[in-house]
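As a starting point, one isolated chain is supplied in C-alpha cells, in the form predicted alone.
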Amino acid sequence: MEAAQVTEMLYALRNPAGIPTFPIIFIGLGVLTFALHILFVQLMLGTSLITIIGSFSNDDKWRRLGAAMLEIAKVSVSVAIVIGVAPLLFVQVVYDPNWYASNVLSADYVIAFIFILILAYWAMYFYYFRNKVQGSPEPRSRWSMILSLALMLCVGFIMHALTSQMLYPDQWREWYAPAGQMDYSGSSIHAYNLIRFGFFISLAIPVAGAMMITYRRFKMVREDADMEFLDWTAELGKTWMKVGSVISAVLFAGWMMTLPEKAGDFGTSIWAILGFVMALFPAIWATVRLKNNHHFCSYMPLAIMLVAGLVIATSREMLRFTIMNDGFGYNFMDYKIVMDWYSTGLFFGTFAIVGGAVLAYMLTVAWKAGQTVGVYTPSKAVDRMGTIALWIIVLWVIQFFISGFIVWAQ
C-alpha cells in the first residue's frame, strides 16, 4: 500500500468517540507501566533460571540460592501479569488501529496466549509444591520448572510479535489476503525481530544479579543470617549484573542495526544512544560501586535496573512514534479529545490511592515476614494498614456501582 493510503486507513480505523484526556498522558503512563511490567518479567525469568541451575547443581550454595529465588519468581509472575494489563490498555487507546489489526491477524496466538501463560504458572507452582511445600532432600520434577520457563518465553515471544506487527500497516493487507486469497484463520505470525526479543530477555540476567545483591541486604539483618552464603550470593549477583549488561548492550546495538527503513536514522539518534548507554550502565555501575561488601549494603541495584528500564522504555516508545509518524504520517497527538475529568480522576485515584494502599500493606507484610525468624505476627499498625486498604477497596466498589447506575439511568 502507498504511504498516503496507509495514513488514510489508520485515521479511518480510529475510535470516532475519541479519548477522554490528552494522549501524551496515556503515552507517559504506558512507558512507566511498561518499564515496571518488563522489570518483573525479567526478574521472573532471571530467578527462574537460577532456580533451574540450583536444582541441577550439587553445590549446597546453588541449591539454597535456587530455593530462595523460586520464592521471588512465583511472586514476580503475579506482579508482572497485574502490571502488564496497564501498558496494553494505554497502547490500545492511542494506537488502537495498530493494536487491534495486529491481534486480528494473529488471533489464534492471542487466544493461546492466556492458556499458555496459565500452564506456565501451573508448572511453576507444581515445582514449588513438589519441593518447597512437600519437602525433599533432592529436587523433584525439575522438568516442570524448565517447562514453565520455556512457556514464559513463548508468551513473551507472542507479545513481541504482536507489537512488531503493529509497525507494518503497509503489509497488513498482504498478510490478510496473500495473493488475493482471504485468510481468516489468524494462525500466522507475520513479523518479529529475534535480536530485539533477545535484548529484552537478556536484561533478565542483570536484573537477577541486582536481585541477588538486594537479597543479601534484605537477609543480613536477621539473627540467623548466614553471611558466608549471603556474601557469595552478592558476589555472584555482581558478576551477573556486569556480564548480563554487556550482553544486553550488544543485543541493543544489534537491534538498532536491524531497524526497518521506515525508522530512518533512529539507530544513530540521541534516543538510541541513551538506550545503549543505559543497557550498559548496570555493568559500569557494578564495576565502579560494588568493589567490596560494604557497597552491597543497599537496595540501589534494583533501583539502577528500574531507571535503566525507564530510559530504554522511553527509547522504545520514541522508536514506535518515529516509525508511525515519520514513516506513515500517523500522529497520536492529534487524536480527538473528549475530556472526561471523572474517568481521568478515577484512574489516577485508583492507581495512587487504591493501588498504593493495597501495595503498601502487602509490601510491608512481605518485608516484615522476610526479616523475621520463625512465624511473623503483624503489629497493630500493620493490621490497621490492612483494614484501611480493605475499606478503600470497598468504597471504590461502591462508587463503581453508583456511577454505573447513574450512567444507566441517564
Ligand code: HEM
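Just count from 1 along the sequence shown to find any residue number. Nothing here was measured: the structure is a model prediction, and the numbers come from that model.
Separately, the form predicted in complex with protoporphyrin IX containing FE exists; it is not shown, and the next lines address it.
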Report the stretch among 84 to 92, 304 to 312, 323 to 331, 225 to 233 that approaches protoporphyrin IX containing FE in the model of the complex to within 4.5 Å, counting heavy atoms only. 84 to 92
Non-hydrogen atom within 4.5 Å of protoporphyrin IX containing FE in the model of the complex for each of V354, Y361 and L395: no
So which of F200, Y128, Y109, Y168 gets a non-hydrogen atom within 4.5 Å of protoporphyrin IX containing FE in the model of the complex? F200
Of A191, L117, I72, A123, the only residue with a heavy atom within 4.5 Å of protoporphyrin IX containing FE in the model of the complex is L117
Although the partner isn't part of this model, could you tell me whether R216 comes within 4.5 Å of protoporphyrin IX containing FE in the model of the complex, counting any heavy atom of the residue? no
Looking in the model of the complex, any heavy atom of S144 within 4.5 Å of protoporphyrin IX containing FE? no
Closest heavy atom of P97 to protoporphyrin IX containing FE in the model of the complex, within 4.5 Å or not? no
Against protoporphyrin IX containing FE in the model of the complex, would M152 count as a contact residue? Criterion: heavy atoms within 4.5 Å. yes
What residues, if any, in 155 to 191 have a non-hydrogen atom within 4.5 angstroms of protoporphyrin IX containing FE in the model of the complex? V155, G156, M159, H160, T163, M166
